[in-house]
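We've got the same protein chain twice here, in two forms, each standing alone as structure tokens: structure 1 and structure 2.
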Structure 1
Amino acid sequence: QITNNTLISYICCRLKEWVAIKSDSGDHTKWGEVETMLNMAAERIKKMGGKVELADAGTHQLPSGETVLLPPVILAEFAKDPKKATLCIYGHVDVQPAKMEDGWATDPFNLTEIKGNLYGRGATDNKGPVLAWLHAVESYQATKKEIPVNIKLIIEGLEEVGSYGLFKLIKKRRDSFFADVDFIVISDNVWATTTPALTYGTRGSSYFFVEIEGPKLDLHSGVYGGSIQEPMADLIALLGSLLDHTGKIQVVGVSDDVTPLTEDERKLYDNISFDLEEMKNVVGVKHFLQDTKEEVLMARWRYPSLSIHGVEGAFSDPGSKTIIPRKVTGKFSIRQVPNMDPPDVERKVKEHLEQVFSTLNSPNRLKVTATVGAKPWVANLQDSQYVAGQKAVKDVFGVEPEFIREGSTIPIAQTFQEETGKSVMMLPISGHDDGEHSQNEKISRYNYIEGTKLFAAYFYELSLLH
């Protein structure tokens, strides 16, 4: 029996210490703070009796050409029993940037409790869930109960910028650290509603840059306007060719390989307590592109989408500036779903843009590049991890979990599955309104504490099924 009194006495205080470390991985000059956070996590695990290796992740070349050392990756494990299943827990302790002037109501690096919510950068993504896993282990230790599964952990500090070096490390340690692992669990996502969830799929992503270069310098629009083909006009035509007014991707063949919807999968959406009207209010829109709950969720989770993100080189400051930019770069991405292959998608996008550009008869120069290329991931709901997860949710929350997908990209899931061949599951404890990556990120005290209980119950349920 894990009581609130056992947990509350230190659970929030420890999260406050972790949130105070400004482990923003977006700026490599601040990776010292990331290492400070990794060292703090490593010391916590050592005090719990764990064996910790700060594994070398290699180097990374910056856009400037400079090569820098990457922060290490924590590879940790507790005492092993060969008769038990081995569970490997993944998490990250780096965070997105955050400043008061961004619109935070409280200091983002000073955990603040307001009406049962714990506000701070990293509270839900992903320091809170990582700590909850450690607290679940400590709960067994504190009550003198044997942990029913062997525990390993892999904790990184560069997830928010693409996990530099991690994929190579996983491949390198496949036959050593991961050799005896049976299950891998990730808690780096959120519920879709107020009901606890198990996540069985994520979308992949490819990011595109469309560069149009024209004259050798910016020009006065009064002097040259009307006499040259403007790069911005070309770019707008290209970006406008990507989507129609219903949100359908117009790139020929890009959606041909999407896995068809089965009746069994369709039924998973019936019991998801997603309220369209509430979500309209949360987002601040009058209507979605789809009409029903099921259609909206499928559009976000199991079908590809294309989003236009911005234009580099264009004038965007307040006021007016009557220049013709000499070079502009449009930025967009495509979220991909199972059966879609990033290199194939990227080839089709380039062919589409080149074809549209050819119809403009423009003297300007087009350059299309693609980055990221992360694959989608989908799991088997009959996997014993999902059976154990379902039972653990019922044990702790008294309800059946919703089976959901994640619309964003979590490349590590597919990497684990491909490189190790192990069972992978996502077991979130974060709320649908926690605002990860946004202003006023938080985790509720309820989710934090009950999530710790969920993880402890999951250890037990997993051991029964192994």
Structure 2
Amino acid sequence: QITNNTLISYICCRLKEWVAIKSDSGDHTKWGEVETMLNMAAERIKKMGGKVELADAGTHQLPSGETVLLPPVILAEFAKDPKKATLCIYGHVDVQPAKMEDGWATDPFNLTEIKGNLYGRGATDNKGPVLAWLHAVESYQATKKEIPVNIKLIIEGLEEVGSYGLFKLIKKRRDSFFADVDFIVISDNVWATTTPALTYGTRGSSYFFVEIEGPKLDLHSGVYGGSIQEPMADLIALLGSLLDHTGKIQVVGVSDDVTPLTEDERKLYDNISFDLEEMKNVVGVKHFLQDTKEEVLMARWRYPSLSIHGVEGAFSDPGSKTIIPRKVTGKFSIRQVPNMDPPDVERKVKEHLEQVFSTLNSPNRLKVTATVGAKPWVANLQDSQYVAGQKAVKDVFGVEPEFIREGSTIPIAQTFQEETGKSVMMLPISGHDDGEHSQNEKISRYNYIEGTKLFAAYFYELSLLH
């Protein structure tokens, strides 16, 4: 007979095996390890009775111009019952780079338990959650219970570098693999606090490059200073016109399309156990731009923001240099929210910058370019997935989940929603202090095990609503 403790050791041991594979996708010459990891995951799914396809993800052109073959994407499914709803689970098994020298307290590729936390690269992002999904399926199989929903899996190995090839593959398989999918669920983010959460939105982003080109060559500020309209002065004037000191974007019309706040939505913020004072300490600021917890969270999650990241081409080294740089490029990005439209925002920003530039009577040349990272995403909380998710959290944790959004841009949810037309939910099990992408990444035993239970309960609650 297997005791509970034996079982837990067993599933922690599995995570240790997965973490040991250095599936860092950042260096394409090491994608062999990513493929090893994908094969290991595929074998696991096959052992559980799943049908696995290692789908060709095509090729990718590197910045060097070289074209490389992409690692495959796992498309898997378990036996299908047409009467049941079909849930497709997304996950990834590649990781961020990690080296002891970066300041890890333990070997990042040797999962190490310290005081209830399992430390290792990929423990929480995203190997732990992927295994938790598989273990949730196995929990039904081991107890000889029928899995209440049909399960499909899409698991990739290049999430950390931008999911090359994935979005094309999703589009290509819309009418085959995704045709019978009802729900898509993603567990690749973290709770906002210590309370379990359902994530229903992400911000999109556009990145802007404001180039001002002036003289033929860099000039000496002693020789020419005072006679030249300096590109840097033009750029500072342009960048300075974007924001006021309260953080409000000054580009006319850019925030016009922001979905108005409803009373129902406002109420969601009341329940979030976010501690403003603690966050001030963590970040190290005397105050945020907003005064209350609710306002701060809304500013991060549901309102647009503009950040100025830096200047390329100007003097940026330590020390002093009396240069008038001939060409400078200011860089800023706008985080967009529903229902802002990135092309519309881009047009308004360009018009704004051109208008301000025209007032400078400058002999220099302005060029504004933009790249759209991803569109913003927001889900409908009346959707079955959110209702089922809320119930599952109550079943396992005995509390109401927090309904949260991500301020950062996670293209995957919006892409799934747009390309497949299916309902999408993000159901995190990772802790807010898990340090994904950082040194000493971890998942707690608690989150890993209770997260597995949450997923199992979620299958059940979702089946009741279908």
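Counting starts at 1 and follows the sequence of structure 1. In this text, rigid core is short for the largest set of C-alphas that superpose within 1.5 Å between two forms. This one's a predicted model, so the numbers in the text were calculated from it and none came from an experiment.
Undergrad: Any idea which of the pair is the form predicted in complex with a further copy of the same chain?
TA: Only structure 2 matches the form predicted in complex with a further copy of the same chain.
Undergrad: Does residue 181 show a Cα shift reaching 2 Å between structure 1 and structure 2 after rigid-core superposition?
TA: Residue 181: C-alpha displaced by less than 2 Å between structure 1 and structure 2.
Undergrad: Kindly check if the Cα atom of residue 117 is displaced 2 angstroms or more between structure 1 and structure 2 relative to the superposed rigid core.
TA: Residue 117 C-alpha, core-superposed: shift of less than 2 Å.
Undergrad: Core aligned, does the CA of residue 370 move at least 2 Å between structure 1 and structure 2?
TA: Yes.
Undergrad: After superposition on the rigid core, what is the displacement of the C-alpha atom of residue 325 between structure 1 and structure 2, in Å?
TA: Superposing on the rigid core gives a C-alpha shift of 8.1 Å for residue 325.
Undergrad: Taking the rigid core as fixed, quantify in angstrom how much the C-alpha of residue 241 shifts between structure 1 and structure 2.
TA: A shift of 5.9 Å at the C-alpha.
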